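Heads up, what comes next is one protein chain in two forms, each shown on its own as structure tokens, labelled structure 1 and structure 2.
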Structure 1
């Protein structure tokens, strides 16, 4: 078997409640101010809306903007930032063979139609027939197309010209981990030279607030850090998009690209979430990477969601490592499919800057190593299923 190729991250694009791009995110995290949450729009529930975006800069055609739902606009925008950061935006020679792997959920509901049907259905006897008739007549035909998860990949291809192979993964936080795991494996094995990989999510919608509230506690005032939301836990839904460009070292050096960080490994696991299973699964992932970790120069960027028991179990495992820990969902909320990529992006910045932002909550521990940060271990313990861990490191 041929040797595995070294995999570099050469471009990062991120938008969230904290801002646009890594510099805005890092400046606000380092300032240590209050998290930019919204406790009014979906009261009593707290959400994290994405900052206003000048869509024209990444999606120049108004027609393209109109036919996309909000989560697609967020994703296409973040993808454009990553391509620009990697220096390949509008480079057709590279984009013609650049691959793409997307983590995405379903499309957005037409909340006004849903509300009208739910109001009227109470007054009829044959409810099944009534609902079918109203859905056929009230929903716009394009809604069904817009709900396709792989339409995000299609829009990125149309707007940015990424026209190599394309894959779309579904499955909330775990889909983001697997998307990066597969992208990394393909580049390392020589099956792809360069890949755009990422996800987008818009959790600031009434239909999703209702959907999650039916089965999961959502965060209500007063605001609390992700680690300290009580024995029942609580999610704070968010809107965000995050993408990275990864490529083989040889490909990056040939085109003169400057690396952001090295992507060493991506671990992905599943379990039934019986008591203690997340602990044992995540602990095994840390053990699998132990030989590659420089313990005096490494930190943990945690993707803890706030949901229980997953958050408490992750807190136990990361504390065992003795490494400094910072959880990002306190500041950007939970963006499901996009969450892992957002944390990869922030992990890259921690490695690049060599320092850590101030702690918030009982699970944020330690300080940046005296010699600077050389590595970041990025976790993803999904609110419902899926455990993941990635190791990224600085390239000197």
Structure 2
């Protein structure tokens, strides 16, 4: 195997219920106010809507904005922030060969059309024929393009000009971890010099509230931190987008890029989630990193989802490490494919600022180390599957 190259994160873009960009996120988190959730729109369920975005700044053509649905606009916007932060926005020489790996959901539906069909179909005899006719006449032709997961990447190519390559992974939180793992491995092995990697999700949609309600508890009032949502656990669906630009150290230095942090390692695993399996899998991932972790200067940014028993099992493992822990979903909700990238972004900010926001809930422990934060361990224990762990390091 070829010698491994050092991988740097050189750009970060994030939008969520907390704001736009890392500084807004950090200011809100450090202030320790109430999480910015919405308990009205999808009552009784609590969700985390994304802050209003000035789309024109990242998606200048109105036509482009119209051809996308919310999840894509959020993603294209966040990707633009990351490219800008990395200093490669509109740099066609680099964008022409920049690779892209996206973790995406999709399936955005026209809920008004669905509801009207469900209402009217009860009065007709030939149900299937009626649905065909209504779909043919009522669906906007371009809606399909907002439903395809790969069209987030497609829109990023169109709007921002990232065209080296384009791959889209699917599968909730785990797909985000795998996207970053593969992107990291490709850069480390010399298969890519620079890659835009990230995800976007819009959980503040009726069709997704319906999907999750079919199989998993959703958070209702009173609001509780992810660690403390009872034996059944609960998710609070969110809208968010988060992207990072990663590149080889050589490539970054050659173009004079300012590094945000070093991406040391990304691991991902799966199991069938029998009792205790999340715990043992995540523990093994921490053990694999034991030699690289600076115990007195590392913190854990937890991606705990609030689903149980996965969250309790994660709590056991992170507590064993003795490191300070902060779970972010308490403040930004569940953004599925985008979640891990949001936490990677926040982990970058922790090592850059050396500060840690106030704890919230029983799993948040410890304070920022006195000697400063040199490393962030970012976990992802998916609400249903997938255990992931990344190590980010401050570059001094």
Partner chain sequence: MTSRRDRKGRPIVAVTGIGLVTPLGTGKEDNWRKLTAGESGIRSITRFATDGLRTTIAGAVDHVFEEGMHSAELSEKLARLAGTEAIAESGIGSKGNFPGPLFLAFPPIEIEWPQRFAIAAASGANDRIEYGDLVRAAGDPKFRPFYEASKYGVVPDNLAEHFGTQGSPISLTTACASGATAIQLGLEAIQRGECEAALAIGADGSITAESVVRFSLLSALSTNNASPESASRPFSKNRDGFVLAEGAAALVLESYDHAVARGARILGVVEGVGEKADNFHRTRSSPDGKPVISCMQKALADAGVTPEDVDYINAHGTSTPENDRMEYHGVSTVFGERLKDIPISSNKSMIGHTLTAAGAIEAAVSLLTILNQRIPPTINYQVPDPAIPLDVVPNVARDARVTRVISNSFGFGGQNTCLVLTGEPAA
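In this text the structure is predicted, and so the values were computed from the model without any measurement. Positions refer to the first chain, counted from 1. Think of the rigid core as the biggest set of C-alphas that the two forms share within 1.5 Å after superposition.
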Can you tell me whether structure 1 or structure 2 is the form predicted alone?
1
Residue shift check between the two structures, rigid core fit, residue 220 Cα at least 2 Å
no
Using a superposition on the rigid core, decide whether the Cα position of residue 117 changes by 2 angstroms or more between the two structures.
yes
